[in-house]
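To begin, one chain is listed below as structure tokens, in the form predicted alone.
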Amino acid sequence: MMDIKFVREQFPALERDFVFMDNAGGSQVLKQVTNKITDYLLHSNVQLGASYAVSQEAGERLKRSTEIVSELINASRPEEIVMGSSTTMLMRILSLSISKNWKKGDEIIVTNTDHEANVSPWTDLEKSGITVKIWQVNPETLELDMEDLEKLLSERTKLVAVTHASNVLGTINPIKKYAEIIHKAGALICVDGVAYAPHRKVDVQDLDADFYTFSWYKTYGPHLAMMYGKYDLLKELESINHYFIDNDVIPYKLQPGNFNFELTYAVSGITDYYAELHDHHFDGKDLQFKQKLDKSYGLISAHEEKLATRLLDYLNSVSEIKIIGLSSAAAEKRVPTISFVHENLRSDEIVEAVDPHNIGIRFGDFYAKKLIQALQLEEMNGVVRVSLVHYNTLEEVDKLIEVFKTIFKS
């Protein structure tokens, strides 16, 4: 079992008398991360690439941080990691660069379940003559059917953009299976992992993802994001940096204005935490980081399944409530991002009734606007979303349930 006391001690914000359950919008930050931000700014705050010692030291710190990130997601080399200000920005950069080699009439496929970060950068290419096809969610199962994907694919398909886990539904999509189908058709797959990465281990080589992005500020770190790309594909992309930054300067050609140094260095505090989480719970402190990672994520997913089970059991018992997504908590099928609507109450009414109890949940479309429109939930002001992570406790879930009981009473 997870030592929840140990976990919560790593997040200073949790000392407040407040329950954080809007984690899909932004998680709380590890003290290991804030310590590294401070350390970098106080001791390494110089420009990179100079010959003097402090600049060389700063470069080595950032190089090591990028190397550990590549280990975290099992990239084949550190150069496959592109750091940027947000997932939205990185997706936009990717779409602008990769589409320079596309022709009028080429096709891309997006879903109506994704956050707009992995939709708008692609649909905007219609202005350049690119054809956009929509992979529609099944309105009955609220899942993306692979048969529908196969019907949309053609010899003109260049790329399919899809989410690993919906930030509304919480459903985990079978990316590895999608990738096999998409690659067989001769296209690329671009995966938004923002709602998945805080909860489960990401292995880009196992998934066979061509591009994969997520945000560190939703993964216990600073307001920063990363994009993985297969090296050969990144090499083919057009530079969007200064004219003298050649296409073979990877990943800098996709980082105009450079990346944030102190935040990139601080990301290694997240990987430090995963290793410490393992060492606190298991023997084998000399194990390789990847081995520790497996056990740490096992702890996380098991605890999160308990949290989701407690909340879903209650919500399923209220006849007026409809879960928007899977109604079961199985860790292999969903993350603990749980959305619902009430047949008699608007979503904003519910959330505003919870606010005075020092519990942070949220209502809305969460930038998955096309999904909310497809499910005809706009009049409800979207869904109520409770997004849990592993530092939440069963006691916190019970507190929320008790508040819900006062709101949903007959």
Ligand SMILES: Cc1ncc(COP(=O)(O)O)c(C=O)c1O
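For clarity, every value in this text was computed on a predicted model and none was experimentally measured. Position 1 is the first residue in the sequence shown; the rest follow in order.
One more form of this protein should be noted, the form predicted in complex with the named molecule, which is absent from this view; the next part is about it.
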| said: Given that the named molecule is not shown alongside this chain, does residue 199 nevertheless sit within 4.5 Å of it in the predicted complex, heavy atom to heavy atom? | reply: no
| said: in the predicted complex, is there a heavy atom of the named molecule that lies within 4.5 Å of any heavy atom of residue 115, even though the partner is absent here? | reply: yes
| query | Applying a 4.5 Å heavy atom distance criterion, does residue 217 contact the named molecule in the predicted complex? | reply | yes
| query | Might residue 194 be said to contact the named molecule in the predicted complex, defining contact as any heavy atom within 4.5 Å? | reply | yes
| message | I need to confirm a contact call. Of 74, 86, 316, 291, which residue comes within 4.5 Å of the named molecule in the predicted complex, counting heavy atoms only? | response | 86
| Selected contact from 339, 167, 296, 111, since only one has a non-hydrogen atom within 4.5 angstroms of the named molecule in the predicted complex | 167
| task | Counting only non-hydrogen atoms, choose the one of 186-194, 260-268, 148-156, 230-238 that falls within 4.5 Å of the named molecule in the predicted complex. | result | 186-194
